[in-house]
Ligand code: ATP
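So this first bit is one chain, no partners, the form predicted on its own, shown in structure tokens.
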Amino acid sequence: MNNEPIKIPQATAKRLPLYYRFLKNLNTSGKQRVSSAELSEAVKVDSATIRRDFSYFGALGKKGYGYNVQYLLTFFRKTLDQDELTYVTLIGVGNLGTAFLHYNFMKNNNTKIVMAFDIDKDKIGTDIGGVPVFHLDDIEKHLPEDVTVAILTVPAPVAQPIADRLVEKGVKGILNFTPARINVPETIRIHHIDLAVELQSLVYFLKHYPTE
């Protein structure tokens, strides 16, 4: 039996958590089946794209019936490793970092920020949102091997050296909220999220592509 993971396009992979969240809401409301058109309206992805995304995983639905909500939910929970908890560290406990600690992805049962690092002496040794804050100099001392993901909310000039230290400690994925474009080995996954760029993009589309 072939147990190799299914290789799917990155664009499809990014949409899977969106589908999963909506399916959880449907299941909670008691709905038993859903059409690609209903999914399309809810997640704002066209029906053809949804059907193509689902087709990578085989026959998930039936023509004329749609998709069984419970079956899809179970399938995507396994696909997205929702039953496996991923431990996360946060570097930089400023305004944005503090907001992350208080939120701590409460709606996602499979991710949890378990520790944070900063250089502010007033924050070091405290708990914020139930998450202990350590000194940045002690990453090598306190970061355990089972923390594989890091969120960076630090000033841009220090993002690269901190990322280098995280990679040395075995972190496999970095969510970068700084404007810096960080260089990491090919074996490390990094997602750049520049809020200023996203806002500028939104304003541009509002001006040049107004909705009807």
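Keep in mind it's a predicted model, so treat the numbers as computed, not measured. When you see a residue number, it is the position in the sequence shown, counting from 1.
Note that the form predicted together with the ligand isn't included here; everything after this is about it.
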Looking at the ligand in the predicted complex, do all three of Ile91, Asp120 and Thr153 come within 4.5 Å of it through at least one heavy atom? yes
Let me know the one among Met115, Leu73, Leu136, Leu80 whose heavy atoms come within 4.5 Å of the ligand in the predicted complex, would you? Leu136
Of Val147, Ile162, Ile174, Leu26, the one that lies within 4.5 Å of the ligand in the predicted complex (heavy atoms): Ile162
Residue-level question: is Leu96 within 4.5 Å of the ligand in the predicted complex, judged on heavy atoms? yes
Taking 4.5 angstroms as the cut-off for heavy atoms, does Ile182 touch the ligand in the predicted complex? no
Proximity of Val158 to the ligand in the predicted complex, heavy atoms at 4.5 Å: yes
